[in-house]
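Same protein, same chain, two forms; see structure 1 and structure 2 below, as structure tokens.
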Structure 1
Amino acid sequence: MSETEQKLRNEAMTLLEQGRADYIIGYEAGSLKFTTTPLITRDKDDIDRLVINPFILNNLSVFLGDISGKAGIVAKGCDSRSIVSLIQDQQLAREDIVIIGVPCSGVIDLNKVEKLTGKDRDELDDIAWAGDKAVVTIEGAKKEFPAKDVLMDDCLSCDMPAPQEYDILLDEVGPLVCDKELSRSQIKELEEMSPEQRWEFWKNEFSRCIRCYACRQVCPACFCKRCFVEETEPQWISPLPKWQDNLIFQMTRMIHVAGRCTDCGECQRSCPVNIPLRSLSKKMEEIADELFQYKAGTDKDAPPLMAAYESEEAEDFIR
């Protein structure tokens, strides 16, 4: 057990014992290799199951809405921004949340490791960090890969690996490998396409959407009690998984989360049919920054981007 892990368990236990939190939301070891799974508990006996490792993928802030009472929550940089964003949208009260900040040096993208090694994740023996290299063990043999080749795309463009908003910080920020060019390489490809090519690209991608709504369900910014997709009077889009409706669903969702999305990457990671959703959400984030110099979830006292208006704001489209 690492020192950070021990510290986390001590802090979590103290929170429960002192009644500063009714629930702890953290990660425990998953049931498959290289996974963790959310641990949501009010039971002190569960606390020694909490872990911190390179596979703490989930953005746990999505569970805060389910909790009645105070929650102590383990948060990476992007997760803490989601929490702040939820506070801005008045979905949470700051005093109901104890943020246990985990400085993050990026999470490993198992899809990338699979591509690099030609093996499925369950066929690998081990994945570990050695400095800025990831060491993958396959059938006893070790292979090294530069961090930037195995980190999630969203981690490669992360500016805030340590939570800015926290109550407890478990550790100092570790080394962070960034490669913004690489992080947005697919967006660049899309930008270089003609509108017709882009249309074909997305038509093809959304043709395989099965409407499982995992992208929406794992997204902390999707906090609507009833999604527009499920409205029936009027019915905005068809519940049938036709590519046109799939595309409208995702476009509308992206606009709804603009200014709230912290590029945590959960939508894309969860998609069982590999639709590159981050190419949309990241682009939206870039546009929000470019037009309004706005970064989601960085100031809990600021009004939400889409709920505020200033007369000097860019309005190129209305002139």
Structure 2
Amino acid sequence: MSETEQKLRNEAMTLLEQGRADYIIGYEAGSLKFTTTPLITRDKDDIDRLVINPFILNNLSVFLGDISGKAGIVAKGCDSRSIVSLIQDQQLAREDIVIIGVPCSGVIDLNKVEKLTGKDRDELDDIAWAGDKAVVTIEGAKKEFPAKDVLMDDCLSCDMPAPQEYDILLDEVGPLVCDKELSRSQIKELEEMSPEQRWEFWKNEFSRCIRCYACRQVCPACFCKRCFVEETEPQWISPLPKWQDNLIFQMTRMIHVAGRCTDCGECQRSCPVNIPLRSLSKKMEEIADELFQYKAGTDKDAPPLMAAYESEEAEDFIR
């Protein structure tokens, strides 16, 4: 157990014992090797199950809206920004949350590790950070890979690994290896396509969508109590997973989360048919920054993007 992990358990236990939190939201080891799963508990006996490792994928802020009472929540940089965004949208009250900020050197993409090693994850003995390299142990032998080769794409573009809002910071955030060009390589391919090619690309992608709504369910910015796709009067789109309706669903969802997306990558990771949804959300985030110099979740006292207007804002995008 790492020193940071022990600090986390100590702080979480203190929060419960002192009554400063009714629940703790964190990570525990998953049922599969090199995975974690969310842990939501009010039982002090569960605190020893909390973990911090390079595989803490989930953006836990999505669970805050379903909990009544005060919650102590483990938050990486992108997670803390999602919490701030929810506070800005008055979905959460700051006084009801104790944010336990964790240092984040990036989350390891197991699919990339498997591809690099030619091994299934069950054949790997260990994966750990060693500075700016990932050390993979296979049958006792250690192999080193540059961090940029194994990080999640969204981690490669992260310029805010430190929590933007916290009550407890477990440790100083170590250096995060960024490669923004590599992170947006798929977006760049789409930008270089003609409009007709992009249309065909997304038509093919959304033809595979089964409309499971996993992307919506894991997204902290999708906090509507009733989604527009579930409305019947009027009925905006067909409930059948036709590609045209799938496209409308995603385009409308992107507009709804504009100025709220923190590029946590949860939408793409949760997609069971591997549609590259981050290409849409990341591009939308870039457009919001370009037009309005706005980054989601950086200031809890600032109004949300779509709730503010400044006279010097450009209007040439309005038709």
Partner chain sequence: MKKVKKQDITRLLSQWQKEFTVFVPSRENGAAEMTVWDGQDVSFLDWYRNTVIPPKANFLLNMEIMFGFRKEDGSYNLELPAAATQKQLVFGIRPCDARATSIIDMVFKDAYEDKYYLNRRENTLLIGMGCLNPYDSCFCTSLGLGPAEATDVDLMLTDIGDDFLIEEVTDKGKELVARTEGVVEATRDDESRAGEVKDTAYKKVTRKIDTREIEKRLPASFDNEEFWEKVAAKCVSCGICTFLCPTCYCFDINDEMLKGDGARYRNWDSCSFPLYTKMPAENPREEKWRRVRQKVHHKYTFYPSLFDVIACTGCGRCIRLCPVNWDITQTLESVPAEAATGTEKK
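Remember, predicted model here, so these are calculated numbers, not experimental data. Numbering for residues begins at 1 and runs along the sequence of structure 1. Here the rigid core means the biggest group of C-alpha atoms that line up within 1.5 Å when the two forms are laid on top of each other.
> The same chain appears twice here, once per structure, so which copy is the form predicted in complex with the partner chain?
Pick structure 1; the other is not the form predicted in complex with the partner chain.
> Hey, does E165 budge by 2 Å or more at the Cα between structure 1 and structure 2 once the core is superposed?
It does not reach a 2 Å shift.
> So with the core overlaid, does the Cα of A214 end up 2 Å or more away between structure 1 and structure 2?
Shift at A214: below 2 Å after core fit.
> Given a core-based superposition, decide whether the C-alpha of I138 shifts by 2 Å or more between structure 1 and structure 2.
Comparing forms between structure 1 and structure 2, the I138 CA shifts at least 2 Å.
> Core superposed, what is the CA shift for E114 between structure 1 and structure 2, in angstrom?
After core superposition, the C-alpha of E114 moves 2.9 Å between structure 1 and structure 2.
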